[in-house]
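One chain comes next, on its own, written out as C-alpha cells in the form predicted alone.
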C-alpha cells in the first residue's frame, strides 16, 4: 500500500487505480496508481530506469494513443471533472490543455516565429497582431525573447540545445495550457542551460501545473513541491519534497534516496 499524503491545495489532476499495459507486454507497466497532482505546483516523479515514470507522464495527455495496441486496463485520470482516458476524449484539445516537453528538444524545421505560432494557428488564430503579441509573450515567458527578438525569421534549428528547449517550452505555453509535462528536460543540456530550465520551471508554476520526470534527485529537490517515488510500475510514496528527502516514510524510498539501489 503506497504512502500518499493528503494534498491541501486544489487538485489539477487526480489519478485513481490506474493500470496500463504496453502492446504485447506480459505484465502491466503501471499498477494500481492512485495519486493527486496539486494545482499550480511542481510534482517530480523519481525512481530507477524502467519503473514507470515516463509511462505515467505520457498517460496524462494520452501520448500512448499515438501507437496502437496499448491498453488502459482499469482506473481513471480525472482532469476538469472528466475521465480523460475515456475513448471519446478529444485528444487534440487535451494536448492543448496538457502540453509536453520531451527529453530531446525538437524544433520544427521552420522559423523561430513559426515554431511558436504553430499551435496558435492550429487553434484558429489568424490575426497578425494577435499572433505577434502571443508569440512575443510566450518567448518572454520562456525566457528566450532577448536571444530571439531580432532573429524571429531565422531557422529555429540554428539555436543551441538549451535555446531549442526553451523554444519548445515557448511553443507549448503559447496555447496557454493548464498543465505542462516535462520528460527529463535537461538530460541533454549543459549545466548553465539546465539551471535556466530549472529556474523557468519554478516560475511557470504560478501560471500552470508542472509534472516533471527526472533521474536527477538533486534536481527534484531543487524544483519540486511534491515528489512521487515509483518502483516496478507502482507508486511507492508521494509527499512533500522536503520531507520525502529527509524523512521518507517507506523503506524502499529511503533506500533509493540514499543510493542503496537504482
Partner chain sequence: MTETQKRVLISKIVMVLSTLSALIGLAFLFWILYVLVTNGIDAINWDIFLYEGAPPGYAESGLKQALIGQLILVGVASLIGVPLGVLGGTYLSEYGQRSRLAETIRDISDIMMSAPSIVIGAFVYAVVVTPMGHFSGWAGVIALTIIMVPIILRTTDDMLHLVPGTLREAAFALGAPKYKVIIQVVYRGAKAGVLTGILLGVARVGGETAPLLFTSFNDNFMSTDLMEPMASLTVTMFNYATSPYEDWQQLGWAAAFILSMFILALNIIGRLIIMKKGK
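All of these numbers come straight from a predicted model, not from anything done at the bench. Numbering follows the first chain given and starts at 1.
The same protein has a further form, the form predicted together with the partner chain, not shown here; the description that follows concerns it.
- Though the partner chain is absent from this view, in the predicted bound form it lies within 4.5 Å of a heavy atom of just one residue from 107, 131, 189, 85, which is 107.
- Proximity to the partner chain in the predicted bound form, taken as a non-hydrogen atom within 4.5 angstroms, holds for one residue of 200, 38, 63, 35, which is 63.
- Here the chain stands by itself, but in the predicted bound form one stretch of 208-216, 53-61, 224-232, 22-30, 53-61, has heavy atoms within 4.5 Å of the partner chain.
- Within this chain, residue 172 lines the site of the partner chain in the predicted bound form, having a heavy atom no more than 4.5 Å away.
- In the predicted bound form, the partner chain sits within 4.5 Å of a heavy atom of residue 118.
- Remark: residue 98 counts among the residues lining the partner chain in the predicted bound form, judged by a heavy atom distance of 4.5 Å or less.
- Among residues of the shown chain, residue 145 is not one whose heavy atoms approach the partner chain to within 4.5 Å in the predicted bound form.
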